[in-house]
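Shown next as structure tokens: one chain only, the form predicted on its own.
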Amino acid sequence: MAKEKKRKAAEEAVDGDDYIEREDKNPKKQKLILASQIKNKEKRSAVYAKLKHEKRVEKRKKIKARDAASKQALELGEEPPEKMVPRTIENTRELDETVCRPDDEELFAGNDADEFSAVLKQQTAPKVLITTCRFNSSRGPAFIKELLSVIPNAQYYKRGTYELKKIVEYAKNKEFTSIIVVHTNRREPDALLLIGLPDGPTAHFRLSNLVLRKDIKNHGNPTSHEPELVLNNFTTRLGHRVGRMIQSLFPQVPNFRGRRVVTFHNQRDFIFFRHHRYVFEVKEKKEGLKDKKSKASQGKTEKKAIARLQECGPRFTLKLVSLQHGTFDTKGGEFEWVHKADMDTSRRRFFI
């Protein structure tokens, strides 16, 4: 029995060597056999590296051929071939009936009658109250301090032992338009509760990847000017409503002298927040020939204006958990939308 096993093992080793040689001689058979089917680790890694190299070479050939075709078309005065669009999760998302269209009259009619129309039509100025949960952490006040520098007309009030419903009533009497509650867990802010006043709605966001201003390399310090607001990819009815809710926190007339930009970018239902400022710099560029002996340049210096972005912070990511009608009510509140675990069955299904 032992001799038969040794003989079979030797035959398998010989067959394996012959198989790899056949791969080298006939590359057409190589595509039909997976590298994972080879049991020998060294041979498997060699076959996989060879396949990877061939794919890389083929990709370079295609790119060169495409560039040559477009260059030749431009020389002949013809239209260049269309650029290939890569397949991504965003452009292959599942069809959604709630995606907003530019000719949707019902959507525009709803905008005139929703809870944010008074602020967005500049009939009332936005006024935001920021508070915390009852058990606050050391990093929470630092985050709130930076939120106060981002949102104009925002005021911070200590939570104390007051219930949230009493805070909502107090804010209504003081004519606040929104309330932001920063929730912390294990000394780290992990959620935001955004309440629209006086009639709601209430949005609950999960907060993650928080980076404060001091932790951002080469950060800038913002001014008190009203910032520009940029909202990206809020395409569905739910996203349109969330976008208008975020828009109601900021004044609708930005002061461009401050060169501040606040961005809420939605990608795969994650809302990324960034805060930047424009920086304009003038750089001198010398043009002319250099003397070999004196090593001095002969020519004029050209000044060129360059614009760049400088991040001011903070930086964080939001994920919508629920959207509730009216102000905060845990018992009798009616929810417009709630995120559930069975909604995440497909990677190409998005709701915002």
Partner chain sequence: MQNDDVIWDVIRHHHCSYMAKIQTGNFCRNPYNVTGICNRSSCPLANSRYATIRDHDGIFYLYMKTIERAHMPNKLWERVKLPKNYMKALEIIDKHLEYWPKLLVHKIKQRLTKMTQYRIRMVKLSKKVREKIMTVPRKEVKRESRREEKALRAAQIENVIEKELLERLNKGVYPDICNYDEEIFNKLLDKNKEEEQEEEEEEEAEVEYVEGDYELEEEEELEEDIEDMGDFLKANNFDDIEGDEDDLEEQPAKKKAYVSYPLKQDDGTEKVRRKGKKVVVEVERDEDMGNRQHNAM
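By rigid core we mean the largest C-alpha set that fits within 1.5 Å across both forms. Residue numbers count along the first chain shown, from 1. Source: prediction; values computed, not measured.
Omitted here: the form predicted in complex with its partner chain. The next part is about that form.
Visitor: With heavy atoms only and a cut-off of 4.5 Å, decide whether Phe280 touches its partner chain in the predicted bound form.
Guide: Close contact exists here: in the predicted bound form, Phe280 approaches its partner chain to within 4.5 Å, heavy atoms only.
Visitor: Looking in the predicted bound form, any heavy atom of Glu284 within 4.5 Å of its partner chain?
Guide: It does: once its partner chain is placed as it appears in the predicted bound form, Glu284 has a heavy atom within 4.5 Å of it.
Visitor: Just checking whether Ser322 would be counted as a contact of its partner chain in the predicted bound form - the rule being heavy atoms within 4.5 angstroms.
Guide: Contact check for Ser322: no, nothing within 4.5 Å of its partner chain in the predicted bound form.
Visitor: Does any heavy atom of Phe256 come within 4.5 Å of a heavy atom of its partner chain in the predicted bound form?
Guide: Within the cut-off, so yes.
Visitor: Just to be sure I understand the contacts: of Gln155, Ser149, Thr263, Ser117, which is the one whose heavy atoms reach within 4.5 angstroms of its partner chain in the predicted bound form?
Guide: Looking at Gln155, Ser149, Thr263, Ser117 one by one, just Thr263 meets the 4.5 Å heavy-atom criterion.
Visitor: Here the chain is shown alone; which of Ala73, Met84, Val230, Leu107 has a heavy atom within 4.5 Å of its partner chain in the predicted bound form?
Guide: Exactly one listed residue reaches within 4.5 Å, namely Val230.
Visitor: Does every residue of Cys133, Arg268 and Asp344 put a non-hydrogen atom within 4.5 angstroms of its partner chain in the predicted bound form?
Guide: Every residue of the candidate spot has a heavy atom within 4.5 Å of its partner chain in the predicted bound form.
Visitor: Choose one stretch from 242-250, 94-102, 207-215, 118-126: the one whose residues place a heavy atom within 4.5 angstroms of its partner chain in the predicted bound form.
Guide: Stretch 207-215 is the one.
Visitor: Enumerate the residues of 155-193 that have a non-hydrogen atom within 4.5 Å of its partner chain in the predicted bound form, in sequence order, or give none.
Guide: Going through 155-193 in order - heavy atoms within 4.5 Å of its partner chain in the predicted bound form - the hits are Glu163, His183.
Visitor: Leu309: CA shift of at least 2 Å between this form and the one not shown after core fit?
Guide: After core superposition, the C-alpha of Leu309 moves less than 2 Å between this form and the one not shown.
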